[in-house]
Every structure is written in structure tokens, then in C-alpha cells.
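You are given C-alpha cells for the same protein chain in two forms, set apart as structure 1 and structure 2.
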Structure 1
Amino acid sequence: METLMSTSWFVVPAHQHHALIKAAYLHRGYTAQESDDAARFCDMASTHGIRTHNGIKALHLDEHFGSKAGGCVPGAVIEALPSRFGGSAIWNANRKLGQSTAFAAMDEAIRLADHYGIGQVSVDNAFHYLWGGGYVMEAARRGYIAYTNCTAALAEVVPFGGRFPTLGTNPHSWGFPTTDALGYPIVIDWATSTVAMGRVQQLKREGKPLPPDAAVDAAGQPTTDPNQVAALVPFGAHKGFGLSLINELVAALIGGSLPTLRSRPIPDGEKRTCCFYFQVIHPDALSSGLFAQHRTQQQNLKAVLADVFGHGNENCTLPGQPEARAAAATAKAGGLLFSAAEIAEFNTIAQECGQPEWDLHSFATA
């Protein structure tokens, strides 16, 4: 069984997974639309091999920070706030489910980009949207250049040269419309810490050291011992630090409060919510039309990518390629791929919301 668990994947039909996730969100008081959005998002994550942000993680997050903890409000209604600027929308999400908010915000940013060439949506009082890469990937599949950042739920990262964690793991996600050129969208998507706190916990369980320059101890000194880790550090020294700071600055300009208060009990009059920022660019709004060899814009993109990944660079992994490979494996298997351990966790979810448990032996393996 151990061998089976570590090597086999069980093929779960997408509709069966969707139905369970939807039921779990409905059970927690979310509306049908929110629950559908949540399930759609988990489908996307699992289809693309994003095991850190699948349905198990989404519901776990909801339990610890969301509907059961007051961070997220089922049925909340997004308010569009007044904006005197055509290309910009500003929303108060009122702590609505992050996935519903992000899907809607990306749609709105696309609408603005169709009109103005570039559009942005700023979201105050937001709740965690899980995997920014999913939203930009979808916009890129629709032909747009898309970007999002957000402030992470907890301040776990020490500024470069500092001692105390005051920054989130603050991710950035960019998507590019390269499906014609490559068969899939390029998706550049990562947190600005060297590793995630979940990875530290995993290494602690496995008794393994961290990579260097990933974390500090309680005195602010570098450590590779997962038992000594008090906080994370940004990747790439001052450069990753700057990228992490960007999310705090954007959030501060939107309406976010002090990073060290986020998702924590707070003094009167302060805020503990995250902020989201979305931006979409229509590719026609960048194009000079003056491409060499009379190429079209897409042909030019393909030629540039062939140049970058030619000359002996053919074995590079492109950003977005692992997700595309996972999606191809999902399609080939005819369903979402989960381990036996994951299916056991889905069955705990099924128990919670009164749904039938999944029978491991009913699934094909891949």
C-alpha cells in the first residue's frame, strides 16, 4: 500500500470532484454561485497539478481563516466603489469568497482592457484567492496579458537586512497569450519568499535541512534547521525583497492596513483583510505592427520564443510548462489525479458535509 500510495494516481471524474467541493462550500453557507466558483477553481488547480492549492487546501484555509474564522463571509456582495477613471475599477469585496472575487475581477479587467487597452481592478477587504496563476492563465488563454498580486494572509517574511517578519509571502502572477506559439500560456507565478512555510513544516517532518538563504531564527540569524525557523526571507536578496514590498505598497494605496495585523486579532479601528490587484492588457494595445519579416504579432512571439529556447536551450522548462504537462496528463487519464492520501482527505470533507465517501477501488489508476 505504501508503494501504491507513493506511485499510483487515482483518476477521479471531474464532475464527481466538482460535486463534492460544491457540496462542501454549500454546507459552509456559501451561495450556489460561490460554491460553483470554488469548485471550478479547485478543478483548475488539480487539472494543472497545483497540489498545494487544491480542494483540500482551499477548504482547510476556509476553516482556519475563512467562513469558520470570520475572515470570509458567505454570500457577501461586492460593492463597486466610485471611480472617476474609465480604465480603473475599485471594489470593496466585503470579504467575499476570494475565488468568486478573483474570477469576477479578472472578467472586469478584461472588459476594461477591451476598451482602453489596459485595465485594472483594485480590491479592498478581500479574502485569499489561493492560486493567482490560475486567474492569469485563464485570461492568457483568452488572448490577454494578465497580472495579479495580493497581500498574503500572514506576515511571515523578514525584509532584507531586517530581523522581524512584517511582509507576506506576497505572490506575483503574470500570464501571456502564448497558446498559438507554444500550445499553452506562459504563466510566471511564485511567492516572493524563497520557500513557503508549508515547505518548512514538510522538511521538519522529514528531518531535512532547508536550502540556504530561506529562513531566519528568532534572533533574525540565517538558519537551515527547520526546527529553528522563526520567519522566512525573500528570494534573491534585495531584489525579491523589493518585489514583496510592492504588494504591501499597492495594498496600502488600495486600503490595506498594517501587515503585522493581517488575519490576526486586531485593535479597534484597524483592518485585518487582504487586498488584491488585477491588471489586463489587450495585446493589440502594445503592437507597433512593425514586425520583422512581415510576421504577425503571434508569429513574432513564436519566433522570439524559438530564439530564446533554441541554441542549446531546448531542455529549459518554460514557466507554465509544468502546469500544461499536468493538464495533458489529466486529459489523457480522463479525470483528476489524486493520491490515496488525498482521497482519504476528500472523504473527511465528504463526512463533514454529509456526502457519500469515495471508494478508492472505484477509480481507475494512472
Structure 2
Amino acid sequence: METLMSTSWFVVPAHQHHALIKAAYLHRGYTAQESDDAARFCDMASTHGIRTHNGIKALHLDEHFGSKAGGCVPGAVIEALPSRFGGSAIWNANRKLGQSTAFAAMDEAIRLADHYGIGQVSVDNAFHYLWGGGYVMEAARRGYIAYTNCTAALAEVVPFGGRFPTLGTNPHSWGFPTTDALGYPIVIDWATSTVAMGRVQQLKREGKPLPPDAAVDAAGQPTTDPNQVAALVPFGAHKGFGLSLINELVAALIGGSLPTLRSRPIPDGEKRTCCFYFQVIHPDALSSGLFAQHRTQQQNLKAVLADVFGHGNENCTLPGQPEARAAAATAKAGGLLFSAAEIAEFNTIAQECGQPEWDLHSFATA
């Protein structure tokens, strides 16, 4: 994540950003609710400094694999499939917009957790929901433990020891209700590739190199040039590969087809859609009540965090802390923060949907 010291940022009013993103989705045929969900998600990503999955990335994904390519169907209706387990919901998304599907699925998992202590929602025939951390963050702010994983729109990661990309970037996202203890939820969210493809696109846009050992070129050789990237590699060698494989296995059990077919032409009888998995746990469902020193559950959570991050570790960075700092910077600036290169991309979006372009010089800087 970039800091305010590394780039000059322009402050775009949140309502102006929301209006443009919503207009872009409406222009592509999405319903008013879907377009609002898409803009809400992009607001959230930009507020928290998630430059790899902001409105530029969302619309790029839709253009190449979504509504223009048949991978996402504006106005699609989610179909709830039969489940013999009370705490489990199974959905056929029918290629509905991923952000709308994910918001609804997390709400359903929370509803189930309120009743059963734990709730899960599996989603087949989905279109990518982008930043999983945003969904678990919202659930954690509401007091729940939340998890989601998904398969990516493309197989663009080589397996450990392999040469051909057969895995997605396959993120995992956890959120924990630590706002009372820390002031913000802990959010543990990562792609299982060394970098997300959105990061490659961002660095290409900004004219910056990739970190070493993050990607390979068409010949399978390591490259730091974002213009030469043909595939990504898992982080942590076999460990990242194993975590990525989890998503493919979960998707296979839900209904997902072959990873190398996603977002690509398919043989008869095959599928090319993503799968989602959501899980929410009510904290009361975990509690033994046997906390030392007669602490409450929340007091115990705070005590454990204080011990982990004490003993000289006070200056370490917690998962979710960079996002919280970015949100604080956004609030201080009074708007969303974008680079000049990003403003130029937003103006391309404005041209597409017939909206006024943004005047770079009209924005304050931070």
C-alpha cells in the first residue's frame, strides 16, 4: 500500500466518485441497485487505500470478462438452491454482479449466524467480487468473525514448481471484531499470488517495477517489468500454493469447473464461472466463558492482543491497520485520494458513459 509521502494525491469528493461509478455501471446495463452496490464497493475500496481493486479495476474487469463478454449478466437474479442444513445456504448467482452478490451473501451468513451461531453461504456461477477484505471488514464492524474466499476470474498463477498458470490469485479474507480493543477491525486479507494482478496493472499505470520473484514473462523467466508479465507466482512457495489450492478445492465441491476455463471459451457441458464461499461466526458461539481473571470475552480479546503486540512489539503493523490509516487519511482530506494517472483513467470512464470529465486542477491535494 502506498503512503501519502510516496505520491501526490488529489482529493475527489466521495459523492462525485460515487456518481461516476454508478453512471458507468448504469451505462453498461446494470440495474440501479446493482450500480449503487458497485459504487458503494468502489467507495469502500478507495476509502481504505485499496488501489488494486478500486473503480478502475472493477470496470476493467467488467469490460474484459463481465457484461461485455457474457461473464456477468446485468439484472440477473440469485436463485436459492435447496439445502438440508439449517445454517447453510447454497446460491446460484446466475452470473449476477459480484459486488451485489457478495453484499447479499454476507448479510445472509450474518442472519444464519444470529440463529445458528455459525452461518455459511456457498455461491456458484458467480462473477468476481474484487476485494474480499471489504466484506469481512463490514461484518467485523458489526461484531462478527467473518471469512470469505473465492476463485479468481482467470487462471493466471503457476503452481509451485510448475510453468503453466492453472490457479487464480485466489484470495482469503478474515475479519475479526476488534474495534473496541483496537479502534478498528483486524482484517487479514491476501491474494495467494505474491502480488495481485491489479497491482501489476497499477504499477504499469504508474510506471513502477514489480517486486522481485512476483511474476514471470512469456518464457517463464522472472520479471519485474509489469509490461512483460505473463503469469504470477504464489507467495511463500509451496505455502502460498497450498492456500491457493484450497480455493480451487472448495470451488470444486461447490460446483466450479476447470480453473483454466474461467473467463475463457469452453467446451460443451463445461463452465467458466467463479465460486464464492462466505462464513460468519457469532462470537458467543465460540465462548467457553472460562476466561482468566474473570475477564469478559472482549476484555480477554484485548488482553491477548496486548500480549502479542507488547514486549517491544508495540510498533509492529497489525493486519487491518494500513486500511484504518488510509481511512483516517481519507477522512482528514475530506475526500477520496487518487493519483494523476488514476484521474486520467477515471476521465476515460467518464467519456465512455457520457459524464463530465474531472478537472485535475479543481481538486485539492494531499
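Between two forms, the rigid core is the largest collection of C-alphas that superpose within 1.5 Å. Computed from a predicted structure; not experimentally measured. Please note that residue numbering is based on structure 1, beginning with 1 at the start of its sequence.
By the stated condition, namely the form predicted in complex with a further copy of the same chain, the first structure is the one that fits. A movement of the C-alpha atom of Ala218 reaching 2 angstroms or beyond is seen between structures 1 and 2 when the two forms are aligned on their rigid core. Residue displacement note: Gly256 has its CA displaced by under 2 Å between structures 1 and 2 (rigid core superposed). In a rigid-core overlay of the protein, Gly75 has its C-alpha displaced by under 2 Å between structures 1 and 2. Here Lys208 exhibits a Cα shift of 8.8 Å between structures 1 and 2, evaluated on the superposed rigid core.
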